[in-house]
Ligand SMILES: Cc1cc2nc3c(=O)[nH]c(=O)nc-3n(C[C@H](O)[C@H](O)[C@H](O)COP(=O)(O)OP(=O)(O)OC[C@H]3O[C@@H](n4cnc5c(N)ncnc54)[C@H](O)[C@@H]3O)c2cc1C
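Taking the form predicted on its own, here's one chain by itself in structure tokens.
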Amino acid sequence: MLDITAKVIENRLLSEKGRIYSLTLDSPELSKDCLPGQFYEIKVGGLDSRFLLRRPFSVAFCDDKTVTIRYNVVGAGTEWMSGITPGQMLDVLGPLGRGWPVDKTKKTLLVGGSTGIFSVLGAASHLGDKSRAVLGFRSCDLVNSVEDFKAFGVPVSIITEDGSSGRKGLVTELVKEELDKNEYDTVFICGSTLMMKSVAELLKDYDVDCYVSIEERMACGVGACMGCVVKIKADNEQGWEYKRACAEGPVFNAAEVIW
């Protein structure tokens, strides 16, 4: 884990309606030990005293010199980030957390919903054609990053809640279709809690390992504040314990999560 001041190379708008951006940082130090499913904490707001806490962002993908994250504008912090221009410097902490258990010998189904697609995109960048992605969005206006999955050699299927992409429904439908026609060893899921819970429940009928990335609010990112705890099954008297999404996660075995 490093605390680095990194130069912004790009801060590109991907979806105008969804206000989704792709931010690339020039930092060999940050990218060196980065694993898919990990995240970075970025200090936002510059010298503005209103912004005390860093914001966590999943890794979309890295190379030897750069780190790319993707985000949508949802509050004051990300609103500030949307105005960042190339050449600016950002205070970045990371890489943090436990990522996906990527294994290139295993056929993996990547399941993403909304901005949860960014975390599974990181896995796609390592797995290539050993994986397939099924992605769900509310509407076609919010669809993004599909070409990046394809560039990594990953076939992609898309579904939207309103049918504006051509297929109407929920991503769980695509998951079931994939599992019924193909054999998978592992499934990685990231999206809303309801979506992840639904897919994890569906997978109980299949002989496949399942992992989820829990996107809790992370105030410190290093496990000190206990603000991002997740209820996990445990071999103790009460049958459960709390684990920190930022330290023991954000990736957990779905079979261990108490939703």
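Numbering starts at 1 and follows the sequence shown. What you are looking at is a predicted structure, and each value in this text was computed from that prediction instead of being measured.
One more form of this protein should be noted, the form predicted together with this ligand, which is absent from this view; the next part is about it.
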ask   = Is there a heavy atom of F57 lying 4.5 Å or less from a heavy atom of this ligand in the predicted complex?
value = yes
ask   = Does A76 reach this ligand in the predicted complex if we count a contact as any heavy atom within 4.5 Å?
value = yes
message = Given that this ligand is not shown alongside this chain, does T115 nevertheless sit within 4.5 Å of it in the predicted complex, heavy atom to heavy atom?
response = yes
request  = Examine M218 and determine whether its closest non-hydrogen atom to this ligand in the predicted complex is within 4.5 angstroms.
outcome  = yes
ask   = Quick one: which of 230-238, 193-201, 64-72, 28-36 gets within 4.5 Å of this ligand in the predicted complex, going by heavy atoms?
value = 64-72
